[in-house]
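Consider the single chain below, provided in structure tokens and representing the form predicted alone.
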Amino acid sequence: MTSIEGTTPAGALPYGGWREWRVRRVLIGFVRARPLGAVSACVILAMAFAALFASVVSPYDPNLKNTALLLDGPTLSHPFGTDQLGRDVLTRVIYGARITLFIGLAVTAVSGGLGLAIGVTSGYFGGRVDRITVMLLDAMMAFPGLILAIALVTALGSSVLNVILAVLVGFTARVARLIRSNVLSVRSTAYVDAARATGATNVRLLVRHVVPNVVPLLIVLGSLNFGVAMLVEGSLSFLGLGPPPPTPSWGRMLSSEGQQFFRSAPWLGIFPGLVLAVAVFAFNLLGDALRDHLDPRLRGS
């Protein structure tokens, strides 16, 4: 039965409704197929919410000192205890999430964009461009990521921007290398050859066929790299090369008061380290779940 113009047939959904229904179906399918990935996503969203609205969620000021509560253990009013200056550890952990998640997000987004552009260009066009790009990427990947980041931050100085730049270099090279390998396999597929035979331009082939087929890999790499970027930032802060004080940082909380007062006040090192471990573990689980869900060869595993 055809519908009158301007109306929708009975039982049918408008275009926006169909799109919303498809998104909801994908989300429900992911939750049912990968419950660990869904739980990890909820943990990540909770951390992101707490970091974004830290001034509302956190009970105290992160730099508020209270000499009456020096090294006070966990209580109902201070669930994570207080540090050597009487500052609330839970509040500082929440504010520390801002820096860690921001650096992880910036590194993941920029390295993903640059790596996609470099990898697609190198893998699709090949030739001299590919050879020069591969040599440069191999030279960048020859250095261990953490060692390279330490060297760059030492040369540039400690700041949030310099930490992002230092971590970004190694991540971009690895993303570009993996994207290039995927593009090489996609470029030689039958449907790309068929599209080229019908007269499709390089721009159309890249936009319609090559890039959409490497986006799932980029999503998985992004979720995995996010956790690694947080770990590298924590390592730099632990070594005193992260964002300078008084900005709260999980790595610095572990290295300064966490080490100094670990015997008398172990909560100063336990809680920041535990939160960092949970965050990295959640991103790794989400990355594995996305890989299994997006890869047709692993979807039934």
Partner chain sequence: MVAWDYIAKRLLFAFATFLIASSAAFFIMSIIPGDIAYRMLGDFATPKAVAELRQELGVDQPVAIRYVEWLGNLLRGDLGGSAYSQEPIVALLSRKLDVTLELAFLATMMGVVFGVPAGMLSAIRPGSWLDAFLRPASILGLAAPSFWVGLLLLLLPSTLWNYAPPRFEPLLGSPLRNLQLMVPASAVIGFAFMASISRVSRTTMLEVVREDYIRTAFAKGLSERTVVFRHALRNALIPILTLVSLQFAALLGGTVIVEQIFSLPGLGQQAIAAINTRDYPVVQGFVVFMVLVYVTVNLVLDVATTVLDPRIRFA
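Positions refer to the first chain, counted from 1. In this text the structure is predicted, and so the values were computed from the model without any measurement.
The discussion below concerns the form predicted together with the partner chain, not included here.
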item	value
Phe143 within 4.5 Å of the partner chain in the predicted bound form, heavy atoms	yes
Distance check, Ser181 to the partner chain in the predicted bound form, heavy atom within 4.5 Å	no
The partner chain contact in the predicted bound form: Phe262, any heavy atom under 4.5 Å	yes
In the predicted bound form, Leu205 touching the partner chain (heavy atom, 4.5 Å)	no
Site check Val134, Leu148 and Asn284: each within 4.5 Å of the partner chain in the predicted bound form by heavy atom	yes
Interface residue in the predicted bound form among Ala190, Leu161, Ala139, Ala197, criterion: non-hydrogen atom within 4.5 angstroms of the partner chain	Ala139
Candidate from Leu239, Val57, Val31, Ala48 lying within 4.5 Å of the partner chain in the predicted bound form - any heavy atom	Leu239
One stretch from 112-120, 205-213, 94-102, 153-161 that, in the predicted bound form, holds residues within 4.5 Å of the partner chain by heavy atom	153-161
Residues within 4.5 Å of the partner chain in the predicted bound form, restricted to 269-294 and counted by heavy atom	Gly269, Ile270, Gly273, Leu274, Leu276, Ala277, Val280, Phe281, Asn284, Leu285, Asp288, Arg291, Asp292
